[in-house]
Ligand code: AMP
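A single chain comes next, written as structure tokens; it is the form predicted on its own.
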Amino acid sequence: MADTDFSTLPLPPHVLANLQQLGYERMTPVQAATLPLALAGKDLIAQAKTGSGKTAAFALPLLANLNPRRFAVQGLVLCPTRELAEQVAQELRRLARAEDNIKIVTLTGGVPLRMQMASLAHGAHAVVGTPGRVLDHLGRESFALDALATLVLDEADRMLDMGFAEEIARVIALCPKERQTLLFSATYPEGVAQLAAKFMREPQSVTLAERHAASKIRQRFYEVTESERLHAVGLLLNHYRPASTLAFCNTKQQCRDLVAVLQTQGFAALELHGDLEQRDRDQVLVQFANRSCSVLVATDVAARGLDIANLEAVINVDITPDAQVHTHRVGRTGRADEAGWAFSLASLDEMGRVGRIDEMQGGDSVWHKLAELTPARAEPLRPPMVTLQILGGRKEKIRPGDVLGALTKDLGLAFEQVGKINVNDFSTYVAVERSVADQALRGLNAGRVKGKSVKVRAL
């Protein structure tokens, strides 16, 4: 039996059966290195990147420590962003399917406090949230931590980067001393080391080797003038035709300018930066994650905690002054053994920054000329999916299965033609293949979801 088999772990048969059903066949390196220690009850510091399988690495021990019959918060996961908290909570719920009625509540900003308080009033076994909102609820005594068995700090370095150090310390001060603490961090700066030294008991350290095989990410640099820079992004997209691209700009204004240029050229491009309202941000992220937007143009701060599967390309529209940030940007493609492209546009003024990147990466950048890029083809680059927004969500008791049933059983779409379904409190988003989008839109507007007429629009 391979030592990466989940069956080598001290997990009950019903948990192993659920893992198999969910497609967890072999442990990833981070899971194989951490799960035996965490399941043995050790405190743990794991240096592992997003996309390495770390959620299951802390979710399985957290769930193993829960007593389903005790309706009190026994597990707490702190995350840097709302998006990551939602992803973690979703995965926790999937992994908890094998247990009896485990309730997991997500506590983040952007959602009214009273709705979260109402949910907590009925009790919960585990909470996943951002430090500020969790602290807010603890201050209001919406829930207590006296039964806490497992505390997880996910992406601890990012939480510190975002200024959450004080909130984290205040949350931890309310936790019982006798608990298991699991800390996951992509990097291990001084702040994380201080956090671990202060709040953990004889933690075991696990550091994983480089997240990506160098050959998986093909990096190319292009020298540009300022007047060529934004136009060059369109040239790259038309030449390489990636289905999903994350383009990084150093400023919000550059994001806006690039999206305007790309949309004029016929690309399905959206922007993500700090000036967006939460509702707009949510819609942008849903569209990009479900492959109905080809290019997401973002600042580094806005893209924190964002983990998009199957990202084919990253474009550094501007070179970042911080070489480590460049590595983080580039590392978002080429995940899970997929190959990825990383393109960087550099002016003469930015060559000093490129030099620092070369120094950090231990090699010279590979340079190509813009003239090598072929002009636009007749067929525009179109995203494979279209997002439909249904006005109605959890409040109307809509579930993903209701939407899937309306599209497949009632309207005759194939399962493969339906993509991700996101049910929020007041809206539901569903991705459908572009070729059937009009049919799905007309059919849903004319038909019913969960026995009720609904209003639907294409985003």
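Numbers for residues come from their place in the sequence shown, where the first is 1. This is a predicted model, so every value here is computed, not measured.
What follows is about the form predicted together with the named molecule, which we do not show.
Chemist: Spot the stretch among 62-70, 28-36, 409-417, 423-431 with residues whose non-hydrogen atoms come within 4.5 Å of the named molecule in the model of the complex.
Modeler: Only one stretch qualifies here: 28-36.
Chemist: Indicate whether K42 is a 4.5 Å heavy atom neighbour of the named molecule in the model of the complex.
Modeler: So K42 does not count as contacting the named molecule.
Chemist: Would you please decide whether R218 lies within 4.5 angstroms of the named molecule in the model of the complex, comparing each non-hydrogen atom pair?
Modeler: Yes, R218 is a contact residue.
Chemist: Do G53 and the named molecule come within 4.5 Å of each other in the model of the complex, heavy atoms counted?
Modeler: Yes, G53 lies within 4.5 Å of the named molecule in the model of the complex.
Chemist: Is G451 near the named molecule? Define near as a heavy atom within 4.5 Å, in the model of the complex.
Modeler: No, G451 is distant from the partner.
Chemist: What is the one choice in Y188, Y240, Y222, F164 with a heavy atom within 4.5 Å of the named molecule in the model of the complex?
Modeler: Only one listed residue qualifies here, and that residue is Y240.
Chemist: I need to confirm a contact call. Of K103, R304, R94, H328, which residue comes within 4.5 Å of the named molecule in the model of the complex, counting heavy atoms only?
Modeler: Only one option qualifies, and that one is R94.
Chemist: Give a yes or no on whether each residue among F248, W367 and R382 has a heavy atom within 4.5 Å of the named molecule in the model of the complex.
Modeler: Zero of three within 4.5 Å in the model of the complex.
Chemist: Looking in the model of the complex, are the Cα atoms of E155 and N422 closer together or farther apart than here, the change being 3 Å or more?
Modeler: Relative to the displayed form, E155 and N422 move farther apart in the model of the complex - a change of at least 3 Å between their C-alphas.
Chemist: Kindly indicate if, in the model of the complex, the C-alpha atoms of T245 and Y24 are closer or farther apart than in the structure shown, bearing in mind the change is 3 Å or more.
Modeler: Closer, not farther.
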